[in-house]
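Just one chain follows, in the form predicted on its own, and it is written as structure tokens.
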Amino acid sequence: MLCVGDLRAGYGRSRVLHGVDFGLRAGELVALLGRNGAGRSTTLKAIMGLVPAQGAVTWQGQALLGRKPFEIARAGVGYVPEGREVFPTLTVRQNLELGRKRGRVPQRWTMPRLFELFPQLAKRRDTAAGVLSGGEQQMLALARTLIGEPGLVLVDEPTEGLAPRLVEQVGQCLVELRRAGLAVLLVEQKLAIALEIADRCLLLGHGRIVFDGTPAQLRERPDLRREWLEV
């Protein structure tokens, strides 16, 4: 289980998070919502050790704050950043090989299984990642994270810039991860897809969680959507 308590983080003298508290269980998909600038991406980066942070973050009983990103990854936390950040000159297969977790660990997410989950990548396995479509690059970023055998996946804006058909495909892939027992923390700007696939929604405002509930409960609160989501 992921436990986040009184998480505070920012950039230089600019404080973005002012005490974020929430939990996340295995097999749960939670959407972290809020306006641009609310601190959603900063929350993921703080958990991953990419920005300085104070407070408490534990994953399966292991304290994460103060550890380096590669140590957090080895502890079972996967991160799919906004912008995908695939290696453009390497093939799909080579990108996946770079993400593989070394050592004697059970391999649930083998390359054949990932190609079953992402059939578009199977067809493009020997193609350089830089010439893939935006949707294919997003699927590659997800697959590269999964081959590292995480128990928790942090996903930042996976549908940004994608056509509606690809948005639906990415959403279904995230649902498959939940069915496989992973904990998924999703930052997503498209409210419709977030409400459709999430088990629970967290609403971030002024650097704190202002709502924690189901998608159905959030749909019943137009006041919250007006105050913290709508432009």
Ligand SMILES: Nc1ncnc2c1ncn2[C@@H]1O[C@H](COP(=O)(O)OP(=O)(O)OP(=O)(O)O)[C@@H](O)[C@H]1O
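All residue numbers refer to positions in the sequence shown, first residue = 1. Note that the coordinates shown come from a computational prediction; the quantities given were computed from them, not determined experimentally.
Omitted here: the form predicted together with this ligand. The next part is about that form.
Note on contacts: among A38, V57, A31, L177, the single residue with a heavy atom within 4.5 Å of this ligand in the predicted bound form is A38.
Listed residues E71, E82, E149, E97 were compared with this ligand in the predicted bound form; E82 is the one with a heavy atom within 4.5 Å. Only one of 40-48, 191-199, 162-170, 59-67 places residue heavy atoms within 4.5 angstroms of this ligand in the predicted bound form, namely 40-48.
Within this chain, V16 lines the site of this ligand in the predicted bound form, having a heavy atom no more than 4.5 Å away. In the predicted bound form, this ligand sits beyond 4.5 Å of every heavy atom of E136. In the predicted bound form, just one residue of 139-165 lies within 4.5 Å of this ligand by at least one heavy atom: E157.
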